[in-house]
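The chain below stands alone, shown as structure tokens; this is the form predicted alone.
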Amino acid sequence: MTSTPALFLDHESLVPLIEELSKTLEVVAPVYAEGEPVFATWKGEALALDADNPLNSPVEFFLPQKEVLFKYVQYSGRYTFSEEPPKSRLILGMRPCDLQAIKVLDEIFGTELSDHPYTSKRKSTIIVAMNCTSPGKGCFCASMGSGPAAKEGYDLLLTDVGSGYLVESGSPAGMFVLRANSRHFEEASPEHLKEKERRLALAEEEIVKRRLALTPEQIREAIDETDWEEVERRCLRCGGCSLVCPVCHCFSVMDRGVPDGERLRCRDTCTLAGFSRMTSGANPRASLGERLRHWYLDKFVYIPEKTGMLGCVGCGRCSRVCLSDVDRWSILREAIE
């Protein structure tokens, strides 16, 4: 990883820094909307960096809930196609769990047959990650090996050390940002580095204490032992768990408009009945219990086989959004205890 000596940025200098960056980049950051933190384009609002991780993952800026893949126009029996170029963007405050999710999606969308809409957004985005020193109550990133400290994949990394932010670079793009805005930074002290390690150690201890890890073998056993019919009775079939998950990447494609129009990609989920239903009407996963079991297998068996990484990063969003208060991690633990 490309790096430079750690720098220090006091809290008061952060907003002036991103004001300068927003002159040439679209800055996405956690801000408050109706009292709740959300990742959105920053327009001078108060930052929500000290709040819980927003329910909407910043991954949606690479894989939106709905996006236009291209537009088409027909003239004299021939079609011409056009697409919007990706925005030059900086995402501020991405937590390590979401950073790990992007690493998984990079393997899925960026290798073999590369997905152009996804990879073009990735290449045009600078990621300023933020270590998680105050994990939320539903987080279990440490149990998934995805936090609370970010290890790679960022351009810049912030750690709140109380008096300000310890700033570390992880790429040439990150180094360029630091050098181009050097007046905002000062050299970090050994005390800043020690405080970073102390805070992250406490955060990891807190997470592990309340959310014990399971081995891959235990997870597979739990999936086999779970009463999926009972889980099905508790589920409201809304699909919200998948739509807030930063790793879930199922989608549907449709054309809107004849003869001129646009091709859309919309997020979808394998937990909904229509996703696996065939044209004939047959459905290989007709019951919700079967679909939920498949969801777990995808997270903990199929994605690891394909990428070498778990398909769950422990962000806890699926449990936070569930209208039935179904804790997805507790289902597994209950099955083997």
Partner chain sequence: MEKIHTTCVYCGCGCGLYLHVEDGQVVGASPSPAHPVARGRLCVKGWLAHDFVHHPDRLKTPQIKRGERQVRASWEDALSLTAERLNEIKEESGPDALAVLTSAKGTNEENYLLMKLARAALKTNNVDHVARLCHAPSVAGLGASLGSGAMTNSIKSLLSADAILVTGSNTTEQHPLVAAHILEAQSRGATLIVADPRKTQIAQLADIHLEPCLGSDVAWTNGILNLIIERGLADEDFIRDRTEGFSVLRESILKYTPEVVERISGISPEDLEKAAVAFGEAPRAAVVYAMGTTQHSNGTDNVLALANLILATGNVGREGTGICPLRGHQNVQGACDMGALPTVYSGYQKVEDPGAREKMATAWVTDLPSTPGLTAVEMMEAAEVGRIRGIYISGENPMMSYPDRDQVKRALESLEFLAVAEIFPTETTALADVVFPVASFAEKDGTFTSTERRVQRVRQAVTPPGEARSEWEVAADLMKRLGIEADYTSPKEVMAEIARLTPPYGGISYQRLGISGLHWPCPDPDHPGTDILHRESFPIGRAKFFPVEHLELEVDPEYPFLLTTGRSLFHFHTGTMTRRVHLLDREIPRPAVDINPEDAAALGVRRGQRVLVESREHSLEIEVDVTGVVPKGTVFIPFHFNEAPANLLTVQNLDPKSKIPDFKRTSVRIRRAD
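Residue numbers count along the first chain shown, from 1. Only a predicted model underlies this, so the values are computations on that prediction, with no experimental measurement involved.
Quick note: we don't show the form predicted in complex with the partner chain, though the next part is all about it.
(request) Please determine, with the chain shown alone, which of 101 to 109, 220 to 228, 81 to 89, 148 to 156 has non-hydrogen atoms within 4.5 Å of the partner chain in the model of the complex. (result) Result of the contact check: 81 to 89.
(message) Considering non-hydrogen atoms and a 4.5 Å limit, which listed residue (Lys194, Arg234, Arg183, Lys137) is close to the partner chain in the model of the complex?
(response) None of the other options qualify; the answer is Arg234.
(request) Sort through Leu9, Val321, Leu25, Ile18 and report the residue having a heavy atom within 4.5 Å of the partner chain in the model of the complex. (result) Checked against the cut-off, the match is Val321.
(request) Determine whether any heavy atom of Thr41 comes within 4.5 Å of a heavy atom of the partner chain in the model of the complex, and answer yes or no. (result) Contact check for Thr41: yes, within 4.5 Å of the partner chain in the model of the complex.
(message) Using a 4.5 angstroms cut-off on non-hydrogen atoms, would Arg122 count as touching the partner chain in the model of the complex?
(response) It does not: once the partner chain is placed as it appears in the model of the complex, Arg122 has no heavy atom within 4.5 Å of it.
(message) Residue-level contact is defined here as any heavy atom of the residue lying within 4.5 Å of the partner chain in the model of the complex; does Phe300 satisfy this criterion?
(response) Answer no; every heavy atom of Phe300 is more than 4.5 Å from the partner chain in the model of the complex.
(message) Using a 4.5 angstroms cut-off on non-hydrogen atoms, would Lys209 count as touching the partner chain in the model of the complex?
(response) The answer is no: Lys209 has no heavy atom within 4.5 Å of the partner chain.
(request) Report yes if all three of Val244, Leu272 and Arg277 come within 4.5 Å of the partner chain in the model of the complex by some heavy atom, otherwise no. (result) Yes: Val244, Leu272 and Arg277 each sit within 4.5 Å of the partner chain in the model of the complex.
(message) With the partner left out here, which residues of 61 to 100 have a non-hydrogen atom within 4.5 Å of the partner chain in the model of the complex?
(response) Result: Phe61, Gln65, Lys66, Lys87, Arg89.
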